[in-house]
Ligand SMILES: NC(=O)c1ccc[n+]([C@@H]2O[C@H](COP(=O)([O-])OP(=O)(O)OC[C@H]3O[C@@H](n4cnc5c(N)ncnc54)[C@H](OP(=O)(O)O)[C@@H]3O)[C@@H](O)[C@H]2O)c1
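What follows is one chain in structure tokens, specifically the form predicted alone.
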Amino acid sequence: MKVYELQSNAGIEALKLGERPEPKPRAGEVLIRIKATSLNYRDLMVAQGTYGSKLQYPLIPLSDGAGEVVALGEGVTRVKQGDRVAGIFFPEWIYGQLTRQKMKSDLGATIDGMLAEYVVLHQDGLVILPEHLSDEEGATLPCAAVTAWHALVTKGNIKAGESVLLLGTGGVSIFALQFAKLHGAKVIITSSSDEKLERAKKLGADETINYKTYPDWEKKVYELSDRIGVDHVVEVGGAATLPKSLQAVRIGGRISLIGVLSGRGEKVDPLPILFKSLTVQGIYVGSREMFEAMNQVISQHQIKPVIDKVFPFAEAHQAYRYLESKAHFGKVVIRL
């Protein structure tokens, strides 16, 4: 079977197309023919070797993928042949709090991922996809969608009438926009592109801020929130944006720290967290239980993920480069 492997941590150039024997499912395992995969910023970090110290190469990358069950190992009862499924980011995080044991394996990093024609996963690490979604749409869910759901719904307990600040228009932020509007919240979203902000408005964003036009965007957020601050911030920027997010959130509000798009290592003043009695919550994707709860809501409300561009399998490098360019709005997908 054809697979893509990262041969080293030398970046996108280290991604090579190769051949491996088709895997065989053992007891409790499932063979899946992959139909589509999607990219996350984390996959760029894996390619560059900046995603932790436990990466071993060669490695099949990507945590997100969707496909069809084609063979079952002995004792498999959770799925059947023909089911359309996606893998969960942490195959051992089924429910409850994240622990060191549950996070020891994550697809496309510490273990092989989804950028292959066939993969074998344990039945416990699978979810059934909503029927109304295409394979490409289903492939967008495991990381970005579950992360946004975890931040706003599972931990954030978002309610109608509350306000949410979203940074940028990548996968997590656009899913967060959809979930926030579903729950009746007011959404403020930022971008450096007026075109992207117009697209966000069409998805329901109430207020938009071009952070190039307004470099002190936290002050604009404060004005747009009746000089109170927002209830929730979905913080994907990291060190460069977190100080501004601390100013933009209301007293007693919540910041869900998700990404490091702007980098790491800069000093952050902790006093606003203390003085404003803030909850700053690290969000590291989510469990199968969260994924399944999210899928029920996605099915009930017929929510459709936003896909910017779909690349064929042969153009995986171009998909990586497109994500790296930050030109995308929503998700970038590779179709097998």
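Quick caveat, the model's predicted, so the values are computed rather than measured. In this text, residue numbers run from 1 along the sequence as written.
Same protein, other form: the form predicted in complex with the named molecule, not shown, and the subject of what follows.
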Mark Tyr41 yes when one of its heavy atoms lies within 4.5 Å of a heavy atom of the named molecule in the predicted bound form, and no otherwise.
yes
In the predicted bound form, is there a heavy atom of the named molecule that lies within 4.5 Å of any heavy atom of Ile273, even though the partner is absent here?
no
Using the partner position in the predicted bound form, report whether Lys326 sits within 4.5 Å of the named molecule, counting heavy atoms only.
yes
Answer yes if any heavy atom of Ile303 is within 4.5 Å of a heavy atom of the named molecule in the predicted bound form; otherwise answer no.
no
Tell me which of 141-149, 221-229, 122-130, 75-83 has residues with heavy atoms within 4.5 angstroms of the named molecule in the predicted bound form?
141-149
Please determine whether each residue of Val30, Ile34 and Gly113 possesses a non-hydrogen atom within 4.5 angstroms of the named molecule in the predicted bound form.
no
So which of Ala180, Ile88, Leu167, Ala248 reaches within 4.5 angstroms of the named molecule in the predicted bound form, heavy atom to heavy atom?
Leu167
Even though the chain is shown alone, can you say which residues of 212-236 have a heavy atom within 4.5 Å of the named molecule in the predicted bound form?
Val236
